[in-house]
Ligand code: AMP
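What follows is one chain in structure tokens, specifically the form predicted on its own.
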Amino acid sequence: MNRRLTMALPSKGRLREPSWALLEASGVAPQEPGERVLQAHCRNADIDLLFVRADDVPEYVQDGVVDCGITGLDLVYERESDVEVLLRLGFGTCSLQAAVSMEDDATSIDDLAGRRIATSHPRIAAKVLAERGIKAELVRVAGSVEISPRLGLADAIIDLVSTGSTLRTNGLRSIGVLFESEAVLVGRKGSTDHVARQTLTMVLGSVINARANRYLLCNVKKDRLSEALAVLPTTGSPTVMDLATPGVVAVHALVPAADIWSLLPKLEACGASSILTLPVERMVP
């Protein structure tokens, strides 16, 4: 890298631990980890870290305080930040959903027309509702949005939902999704540190790609090889090697981790044996 890259990380909240874990897996974790650390240097990389609230990361990047940072995609859109999304990180997934009380007769987002809606994401909510031709009154609430209907502050809410348990606890049910979000790496537009950012994006991306895949090994009789290869959900070409046992080959392939559950029975039905799946540490397409 030409100079040290500055990067903002969430100092607390649901994105903090996964962000640290991603850096650790990438081999560029902070040299001075700790709950109260505000600044740190990375091991094995020319990167300086600044720990701030995830809500502040888009503005820090936009204003050039840091070169890049990790935050939620919903925060980028809500603040209408002039930043570039460099990489989707695959954690912190959630969605901005509309919800009403269990007793409410609304069944879809279109039923919110004319309603009073509490939300902590008024810009995204206003944009999506306008795109759907829905006129409603939005009430900005900084926290505890779910309690708004019970207090009589609003008829419905639009809030981030991960599992839906908080909605159910507060007697609410979802009637539709407005926006899908996850953690993202964002960079300052017009940055001249192209090589540094490309290196960081490639290194982090190699870990994210690896997490989504498994290295599969199995033995298959040659006369059933075509059957086994036909069920492998891989875009590349599997490696096939002859074994000492006549008429048997070893098959090596990268397969999506999400397909392992359904894939193993299919391979077994094709006569595959000694089936192994291993985690992948890095994967650069």
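Start at 1 with the first residue shown and count on from there. Because the structure is predicted, anything quoted here is derived from the model rather than measured.
FYI, the form predicted in complex with adenosine monophosphate isn't displayed, but the following is about it.
- Shown alone, this chain has one stretch from 168-176, 155-163, 200-208, 105-113 that lies within 4.5 Å of adenosine monophosphate in the model of the complex by heavy atoms: 155-163.
- Between the options S101, T93, N213, S191, the residue in contact with adenosine monophosphate in the model of the complex by a heavy atom within 4.5 angstroms is T93.
- Listed residues L49, A54, A45, L254 were compared with adenosine monophosphate in the model of the complex; A54 is the one with a heavy atom within 4.5 Å.
- Under a 4.5 angstroms non-hydrogen atom cutoff, adenosine monophosphate in the model of the complex lacks P149 among its neighbouring residues.
- Not displayed here, adenosine monophosphate is kept clear of G187 by more than 4.5 Å at the level of heavy atoms in the model of the complex.
- Interface residue remark: L15 is counted as part of the site for adenosine monophosphate in the model of the complex, having a heavy atom within 4.5 Å.
- Within 4.5 Å of some heavy atom of adenosine monophosphate in the model of the complex lies at least one heavy atom of L75.
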